[in-house]
Each structure stands twice: as structure tokens, then as C-alpha cells.
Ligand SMILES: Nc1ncnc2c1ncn2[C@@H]1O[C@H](COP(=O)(O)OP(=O)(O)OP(=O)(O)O)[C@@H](O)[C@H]1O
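Presented as C-alpha cells, the chain that follows is alone, the form predicted on its own.
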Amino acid sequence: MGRTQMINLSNINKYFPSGDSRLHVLKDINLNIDEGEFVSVMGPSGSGKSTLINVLGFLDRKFEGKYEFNGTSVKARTDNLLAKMRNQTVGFVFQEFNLIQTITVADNVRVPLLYRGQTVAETEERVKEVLTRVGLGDRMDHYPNQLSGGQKQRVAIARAIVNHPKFIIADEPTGALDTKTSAKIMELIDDLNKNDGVTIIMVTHDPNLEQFANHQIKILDGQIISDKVVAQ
């Protein structure tokens, strides 16, 4: 069964101002990502990985070239529309968790739903559901500083999936974790992909994590040097 194309990047170039000149950070990027894929993006520091995911995650529309998401041009949208699209379409998981320290686990997970205009009461059931899914149903009233690193990343994953996103960007999701905890987090991300059909785009330095991906991309000096779909 053929998959539906979700993301199409055509001749994407990205420049950053640098003194009197421009730094060419992404160079003629062409990339297709289908619904349900698990994509790994590998490359050394400074290769353009972060810039690429900022474009993919609707965080940056100041680029040259064409980005179509489900057949619609991303560049044509206003910043407000893009922010709304980002909230409803993509979940982010970061190496440093990016949790708000002064609010509870449940309230951290609730943030994207409140941003969407739901009331606290309306979000209660969904928040409990996703926290239970990641094994933290009994930690809803805890604060981030009462959790281990692995638990914090589970909260971040719960927050990322609370909105039923079309895809998740996981930026070095196990970078701050020990090997055993990393394995559990990857199991969780893999399960979201295989059993829930969530498209995953994962940036990693770790070649061991690449095995989870069925679409493997390597980037170097702003260029895609390898793009292969792997049978699993």
C-alpha cells in the first residue's frame, strides 16, 4: 500500500546574514516525507540539521524554494496562520525537555491545548490519557524538578502528542539520558510511530538510533548527502 506524501521540499536554500555577506546554511535541499514514516536526520554539529528542522516544523519561513505540506504552500501563510498550523500539526521533543519548572506535569502537558482555546476542564481527560500512555498517570501533580531525566522526557513526549499531531520532531531526544533510559524513550517513540501511525522526524548524532528509522537522511555542510528508504 502506497503512503501519502506529507512533506515536499523543493530546492530549499537558507541564508543567514554574516557581517557584510550571507552564510549559506541549507543548499538545494530536496526532500519528500510520507505519512507514517520514521525519519532520522544525521550529521555533525554545524551541518544544518537544526536549521532544516526549523523549516520543517514551521518555525522559519524565511527561505528560498518551495515547502508544501499536504499539498499547501507553507511560505504563503502569515506568521499567525503558521503559528496555528504549528500548534495543530507538529509536536516537539527536545534534548533539554523544555518543561516549565513552576507548573505541574499535567499543566505542562496541557499548554498546547490551552493555546488552542480549550479550557482546563475540557483538557483534563486528554491530559490524563497521554500521561497514562507514557507511564506517568500517577505523576500528574508532580513538578518537573521532582522527576528523573527519563520521566521529564516522557512528559515532553506526552506534551508533544496531546494535540494528535501529524508529525513529531524529536531533536536529540535521548541526548541528555543514560543508555538504559534512552532505550525506553526510543521504545516509546517507536511505538507511537508503529502503533499510532505518527510520523517521526528525529535528529540524532547517535548511529545506534538510526536503526529505528525506515527513512534515513544524512546531511553535511547544508546538503543532503544520503537519502534512503529502508525496508523494515
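Residue numbers run from 1 along the displayed sequence. Not measured: the values here are computed from a predicted model.
We do not show the form predicted together with the named molecule, though everything after this point is about it.
- The closest heavy atom approach of His205 to the named molecule in the model of the complex falls within 4.5 Å.
- Using a 4.5 angstroms limit between non-hydrogen atoms, Asn193 is distant from the named molecule in the model of the complex.
- Within this chain, Pro165 is remote from the site of the named molecule in the model of the complex, having no heavy atom within 4.5 Å.
- Proximity of Pro44 to the named molecule in the model of the complex: non-hydrogen atoms within 4.5 Å are present.
- Screening 46 to 54, 30 to 38, 174 to 182, 61 to 69 for residues having heavy atoms within 4.5 Å of the named molecule in the model of the complex returns a single hit, 46 to 54.
- Distance criterion of 4.5 Å from any heavy atom to the named molecule in the model of the complex singles out Val25 from the list Ala213, Ile12, Val25, Ile217.
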